[in-house]
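To begin, one chain is listed below as structure tokens, in the form predicted alone.
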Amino acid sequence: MKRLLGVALGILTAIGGFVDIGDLVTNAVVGSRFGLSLVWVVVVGVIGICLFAQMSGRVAAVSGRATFEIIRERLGPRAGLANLAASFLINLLTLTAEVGGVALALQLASSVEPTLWVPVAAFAVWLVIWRVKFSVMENVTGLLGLTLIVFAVAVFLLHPDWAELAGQAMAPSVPAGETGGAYWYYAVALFGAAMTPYEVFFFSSGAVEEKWTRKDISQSRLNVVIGFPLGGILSISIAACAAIVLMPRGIEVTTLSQVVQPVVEAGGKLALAFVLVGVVAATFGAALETTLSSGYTLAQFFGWSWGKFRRPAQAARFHIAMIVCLLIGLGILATGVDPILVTEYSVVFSAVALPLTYIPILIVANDKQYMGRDVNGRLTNAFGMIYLVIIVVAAVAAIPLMIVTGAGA
């Protein structure tokens, strides 16, 4: 029974934890401009994150080592340091976006300026990381994030033209008034939002935090292959809501209030209450994960003591690194930069950084010295190589598309 409950809870937290500020904003922007013509990217991204998380979790369970310990060993100190620098900076950018997202969500609930909420959000993130157990932190934010299912409910309450939505999804095309460059720029952004590297840093490090062994591999695989796809359905629901309400009116998403506007129109104040809880929980949970991932990457690469299972005094550099990262994010947001803009850039740069962590994990997952009988099978390797090509193409195309399209403008 305990194992069954563990599977059920893991699935629920995977669903609730899949959607962060990047998914909220990017899917709403895409839905308002392109309808459901980019749904195929979400599907590709969900399959990709399932593959990536499953491999990284299996590697951590078998070897007892997390992502950046493996990267340093496989790439060597110099190449590994370049990898660390790029991955860490992208993670720091994502952390800034998530803390800003918490502040924007709290603004919706209180009408207080987000600049006043930013230090409160950063302090709350630090306090939870300092005092709350890993399992409690992960499960509570994941379960509260499930209230975002109100987006899926709103799709039905809005009584859309189902044939039109199906046509957009099944026969994707560039809408009138949009360019092919912008279409592919947002395809890369959606892919980056679905396969954000911090999710894998957190997933593999969490496996070590919770002392996974080979006997936990089947449970983690079930959590991934059920939880992430259902989380992907939430992402598609966000895009569908925007396509139904905002696209016909020519409204392009630039604020978080516009993201939740279709839900309010569908369900009124009750729906607003649910979506506010979900947005705060999802962004706060992602802020926790990105903050921890900042500490994980540095500590694992440099060989510091790390982990929430250790007292702060036993992992001082790990905790100091997280505090410094939060302060840097706080400083960036204090300049008055728009968190939505930071979010849009963070998902694109996530696609750029993705090969840096994907390739070492794919290599180790095929290493019999590390993995023994749990080495990748033929089917996993086939998908692994296909996604290697997709990831590299997305990474190479991201910056040129950003320049050519003016960041999708």
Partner chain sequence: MTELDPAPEYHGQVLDAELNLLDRQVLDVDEVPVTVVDDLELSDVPWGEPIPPGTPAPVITALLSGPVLGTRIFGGRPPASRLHRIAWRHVADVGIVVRLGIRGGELDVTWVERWVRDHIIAHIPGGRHDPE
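Positions refer to the first chain, counted from 1. The structure displayed is predicted, hence computed values, not measured ones.
Just so it is clear, the following notes concern the form predicted in complex with its partner chain, a form of the same protein that is not shown.
Residue among R311, R214, K211, H159 with a heavy atom within 4.5 Å of its partner chain in the predicted complex: Filtering the options by heavy-atom distance leaves R311.
Taking its partner chain in the predicted complex as the reference, which of P77, G336, G331, G180 has a non-hydrogen atom within 4.5 Å? Result of the distance check: P77.
Interface stretch in the predicted complex with its partner chain - options 364-372, 23-31, 342-350, 41-49, non-hydrogen atom within 4.5 Å: Only one stretch qualifies here: 364-372.
Can you work out whether S305 and its partner chain are in contact in the predicted complex, taking contact to mean some heavy atom pair no more than 4.5 Å apart? The answer is yes: S305 has a heavy atom within 4.5 Å of its partner chain.
Given that the partner is absent here, does E164 sit within 4.5 Å of its partner chain in the predicted complex, heavy atoms only? Result no; E164 lies far from its partner chain in the predicted complex.
Can any non-hydrogen atom of S63 be found within 4.5 angstroms of its partner chain in the predicted complex? Contact with its partner chain, yes.
May I ask you to check whether L222 falls inside a 4.5 Å heavy atom distance of its partner chain in the predicted complex? Close contact is absent here: in the predicted complex, L222 is far from its partner chain, nothing within 4.5 Å, heavy atoms only.
At a 4.5 angstroms cut-off on non-hydrogen atoms, which residues of 309-327 are near its partner chain in the predicted complex? List them in order. Stretch hits, in order: R310, R311, P312, A313, Q314, A315, A316, R317, H319, I320, I323.
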